[in-house]
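Each of the two blocks below gives one form of the same protein chain as structure tokens; they are labelled structure 1 and structure 2.
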Structure 1
């Protein structure tokens, strides 16, 4: 199954050197800003900043191109959908209507609508480089330790580590089961009728789920025998200590957060209105 997925890319860069905790906190700050603000000025600044960070990280565009292409495609569809469902959303938000050209009734194109949709798109562009970077520069081993460090219980943090550990195994099982069921004549393509497709899917899913449930027993025995859950706290082999650069980075991001909030909210509206 040549389906690509994002995974850790091992490289020497200032971004890689930051601890997982720092990256996790910064990623959360970044996501919060991008979720809340619709202020074009901030979005543009954030976008440019995230491009800058992406360049320092030494991650090549080629390595994540498949995800970017998917996202661009998704954004296109989403933009069309927004326009189809609500062609005057921008007018509603900004309160003015500068008609660009008429195409009969509600589908008249306004500058406000274009501006609004540009903002929606920009919002994604702001968060995407940061999200991708977070995924490809954080060693999965360190991720659980980081979650624990920011206050998530270590039991739940470890559940996340287990999920990351077993995704490739489950994917391999899924492929094997699916192939052997296809050999018995199951057709997963669109050729079949819908009800039949559901039945067919069940004959692949059921063995996958039952064999995964068996795994739970084996793994929990193994963990119990090695003393998991014994203490209130747990240390992490892959945890890394904070460096000066981590502290500086976090302070920088908190400042960005404060500035963004101030700029966004000081006029009582999430939207920047140039009209």
Structure 2
């Protein structure tokens, strides 16, 4: 059976035992630290901690490998774009210039630029595992309850939960439609030319869109018939109370936030300058 991307993966792990509220708060703290700091020491520590958390979550790398590769591809494009549009950004930030070699014009490879782009990459490596873990270890219904618990309207919370639940459904429909079209003789393999494969993809995408719209209509009609949105509040079947592990985890992440802010801002500069 094909592995469904970004769908809930049920495991018996400390990460899965945390409530959705706890994971949401911790993810927001983690993302805030990664966005704020350019201190390499903090980013390396956060990255190593992300790997540790990923290991104890018992989520297998192959289950999220495609998503990781997809993100890494765009990360590579992002790094190339940074250098193309601002090849001297590192020199401006760190105030020195150690040229390794020149390409031509303003395009030179400096240690400062490489160090700056390494920090940008570390920021992505810090957030990406946390974001993926948050999605695949949190039940969509529990996540909706978590959003509602921190003040988000239950209508919006339920819409987010439906969107997360719909990700594996879309993948399943795509595979089924693709197999059906291939059985009818439509070739999507690499044997066909790229232009032909793009044209054949329309025979999958169009039915997929139509089936998705049909499901949306069925769900919206069902919710309307059941009076969804009539009341100001609602109860949640998957909501869980805070436990000791949740309190300890939130305190730990708050301490990490405070230490990171102190190390980053104690000299008035977000950038760690080893030069």
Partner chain sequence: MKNNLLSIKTIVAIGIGAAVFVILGRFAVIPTGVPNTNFDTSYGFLALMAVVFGPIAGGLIGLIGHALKDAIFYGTPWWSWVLVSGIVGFLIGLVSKKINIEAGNFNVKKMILFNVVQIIVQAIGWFLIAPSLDVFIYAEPANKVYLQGMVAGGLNMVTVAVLGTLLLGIYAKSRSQSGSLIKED
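Positions refer to the first chain, counted from 1. All values reported here derive from a predicted model rather than from experimental measurement. Rigid core (definition): largest C-alpha set, two forms, superposition within 1.5 Å.
Inset, instruction - Pick out the form predicted on its own: structure 1 or structure 2. - result: Structure 2.
Legend entry - Core-superposed C-alpha of residue 172 shifting 2 Å or more between the two structures: Comparing forms between the two structures, the residue 172 CA shifts at least 2 Å.
Inset, instruction - Could you tell me whether the Cα atom of residue 244 shifts by at least 2 Å between the two structures after core superposition? - result: The answer is no; the displacement is under 2 Å.
Legend entry - Rigid core superposed: residue 65 CA moves 2 Å or more between the two structures: No, the C-alpha moves less than 2 Å.
Legend entry - Per-residue Cα shift, residue 214, between the two structures [Å; core superposed]: Rounded to one decimal, the shift is 9.5 Å.
Legend entry - Per-residue CA shift, residue 159 (Å; core superposed between the two structures): Its C-alpha moves by 3.4 Å once the cores are overlaid.
Inset, instruction - Quick one: how many Å does the C-alpha of residue 229 shift between the two structures once the rigid core is superposed? - result: So the C-alpha of residue 229 has moved 4.8 Å between the two structures.
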